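Next comes just one chain, in structure tokens: the form predicted on its own.
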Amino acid sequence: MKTKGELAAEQAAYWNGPGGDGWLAAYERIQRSLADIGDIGLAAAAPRHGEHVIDIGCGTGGTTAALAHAVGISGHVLGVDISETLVGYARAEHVAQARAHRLENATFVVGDAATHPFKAESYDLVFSRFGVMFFADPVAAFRNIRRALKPAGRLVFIAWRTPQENPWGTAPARAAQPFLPPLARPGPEDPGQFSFGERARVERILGEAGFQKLRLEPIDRQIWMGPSVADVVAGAGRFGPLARAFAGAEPAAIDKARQAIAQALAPHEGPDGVRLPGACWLVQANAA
């Protein structure tokens, strides 16, 4: 069994390597896929004028920019991400936006929110869109996050539910699996895309971290995966679990895997592209 330190190091290496590169390569698709869910999360967070906010797993900075516009020039948003690749993009994008809109109330830092030395009791809101599922020690991470919040501060984040409820993320890999080398399955406490899928685990983690008044609301949406099956298949293997599986497979096996993915996705192609069901939690809690 890997130590928490080894798991954290793996996450840092992945997001500063193939994970960050793959995210940027799929940037336009990801933005369209997650826009609706992200808007739900931002509406629930309800950032107010003058507030100080942390955006965890800020990625390329889209949610950070939205939060910065909401809190105005008298507020501030700190975007935190473990990936130098993504933060570099976010910084460049924010500079361009700041020049266009004269809004310079956001900064970005490369770091792990689990251990980052946030100024204690200084933030009104901590927000995250799919950025909190990768902590090696989630209880310790959320304790660190809670320390950054003011006593009246609030936490709002979105995380995927179980793999079974998210065919958009599992159907391609399941179709391709017979033709590819097996991948190690994460343990129930290991970090990963669906590690916050079970309500009881989320409630336990946040409760042990000291958060109060937990509210979990299920959000179900059709996830846009691309304009066509051919486009989705062409991008398969660039990002996520399939990328690791493809890296260890023979070309003939990859071809068969792509054919299987196309067959699995064909029934889900419509006039505006390929969509499969997705399921996530909208989680809200108070610092005290």
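What you see is a predicted model, and the numbers here were worked out from it, not measured in a lab. In case it trips you up, residue 1 is the first one in the sequence shown, and so on.
The following text describes the form predicted together with a small molecule, which does not appear among the structures shown.
The candidate stretches are 195-203, 173-181, 70-78, 131-139, and the one lying within 4.5 Å of the small molecule in the predicted bound form by heavy atoms is 131-139.
Heavy atoms of no residue among 168, 241 and 274 are located within 4.5 Å of the small molecule in the predicted bound form. This chain lacks the partner; the member of 190, 93, 112, 124 within 4.5 angstroms of the small molecule in the predicted bound form by a non-hydrogen atom is 112. Exactly one listed residue, out of 41, 57, 226, 237, brings a non-hydrogen atom to within 4.5 Å of the small molecule in the predicted bound form: 57. At a distance threshold of 4.5 angstroms between non-hydrogen atoms, residue 149 is out of contact with the small molecule in the predicted bound form. For residue 27, a non-hydrogen atom is located within 4.5 Å of the small molecule in the predicted bound form, even though that partner is not displayed.
Among heavy atoms of residue 86, some come within 4.5 Å of the small molecule in the predicted bound form.
Heavy atoms of residue 156 never reach within 4.5 Å of the small molecule in the predicted bound form, leaving it off the interface.
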